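First comes one chain, alone, set out as structure tokens in the form predicted alone.
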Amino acid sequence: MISHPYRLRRRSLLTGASAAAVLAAAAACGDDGPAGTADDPIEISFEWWGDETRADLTNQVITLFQEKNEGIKVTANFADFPTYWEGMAGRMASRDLPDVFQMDYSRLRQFGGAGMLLPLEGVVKTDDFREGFLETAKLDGQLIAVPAAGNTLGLIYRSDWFEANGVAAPAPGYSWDQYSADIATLTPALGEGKWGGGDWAGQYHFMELWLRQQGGSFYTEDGKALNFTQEQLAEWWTTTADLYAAGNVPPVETTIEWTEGGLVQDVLASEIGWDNFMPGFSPTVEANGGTLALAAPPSLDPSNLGLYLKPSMQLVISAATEQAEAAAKFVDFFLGDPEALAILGTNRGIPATNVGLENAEIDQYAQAVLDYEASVSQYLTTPPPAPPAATGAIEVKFGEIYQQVQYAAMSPAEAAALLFTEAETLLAAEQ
């Protein structure tokens, strides 16, 4: 669990202008950075989600930052993704957030809409981000986050299994029907306990992709309601029905027991997922004697893949921080210092800044992601607005209710009606 060593901070919510004024006033004192000495440093807190590998890299960067900024001490903490957000939800309620912390795009509105995040225009450096990234860091036109790295959806697949079984490598324009047919070909060829792909219908991000391929979206522009019909949801939840009935995708009784993904367990030939997952999966797959590749996800329309460049994670500063200048200095260092970026590499995904790309070591796996993103760059479109605060809860309900379809406890239509009821309640609670 995340520990909470930080005292409750003064409730000084800074506007973008006042934050900039704080920094300007400090700069006027003639210092290069915030006041503080090696013997009496300013303290800021930084928290993130991730595993031990990410923690080791991040702590190396924190040590480097403190060596170069002796007047600032960084207290660090991390947890796995579910534990991290459980802790942050409670700390949001008590208004006891870290000075700097990692943000997920799906929760940006939840924290930013509640006034918990410091506006960053003129506070942190923003002139080196790759094109399109900063648009996903804004809420109602105001910059409240900066992206650390980015990703987009793709099809991650076992190229060796596809080739060995005569299945052509997917290419942009690959249809959902063709993907279903390929899974149906691969599953019996691979043998018992292996499948050509997973059941994608329980993932709300993948339904969002499907809706975008039709010119739609998951939420309305203002984030106050779902932007599709119950009939569309029921249709989506039948897209894998034939595969599931035939045993060509793993049954729910199997997948609920998994503690890691099917690709790294050597039991899936493919799955739709965020492209930056591929470098993490590849070493294990190769140890199993396989090879992974990336391709565009299946689409309803060859000219519209529904893709957009999404931040894999962002950095934000608490609006209640008493050390806005030191926090901003740390964010700028984390995203802009060449030595720091060389340490971090592509652990959080492909860096969002140009200097990050120049200094991160791009191994063969990260290069595969870069090559993939270049191959679909012409299909990348405007990102959706930051989703509503209830998104996390709706995502959980989406998966839970779909399981009732998998267990045949509910029909797709009945499940769709229930999801709408649950989502309307969750969204109404925000108003």
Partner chain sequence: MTIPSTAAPPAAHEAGALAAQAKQRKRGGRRRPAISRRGELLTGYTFMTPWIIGSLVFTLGPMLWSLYLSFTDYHLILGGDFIGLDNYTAMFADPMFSRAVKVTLLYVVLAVPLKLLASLAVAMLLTQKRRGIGFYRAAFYMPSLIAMSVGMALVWKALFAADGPQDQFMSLFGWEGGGFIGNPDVSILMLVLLSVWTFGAPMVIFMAGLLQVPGELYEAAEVDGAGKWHRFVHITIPMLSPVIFFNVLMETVHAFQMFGPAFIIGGTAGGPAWSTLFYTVRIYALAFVDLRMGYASAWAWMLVLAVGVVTLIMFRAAKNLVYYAGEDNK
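Positions refer to the first chain, counted from 1. What you see is a predicted model; the values in this text were computed from it and never measured.
We do not show the form predicted in complex with its partner chain, though everything after this point is about it.
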Quick one: find which of 391-399, 361-369, 45-53, 58-66 has residues within 4.5 Å of its partner chain in the predicted complex by heavy atom distance.
391-399
Interface residue in the predicted complex among 270, 110, 152, 240, criterion: non-hydrogen atom within 4.5 angstroms of its partner chain
110
Please identify the residue among 96, 301, 163, 86 with any heavy atom within 4.5 Å of its partner chain in the predicted complex.
86
Residue 355 within 4.5 Å of its partner chain in the predicted complex, heavy atoms:
no
Would residue 382 count as a contact of its partner chain in the predicted complex, using a 4.5 angstroms cut-off between non-hydrogen atoms?
no
Does at least one non-hydrogen atom of residue 90 fall within 4.5 angstroms of its partner chain in the predicted complex?
yes
4.5 Å heavy atom contact, residue 181 to its partner chain in the predicted complex:
no
Residues of stretch 410-424 in contact with its partner chain in the predicted complex (4.5 Å, non-hydrogen atom)
410, 418, 422
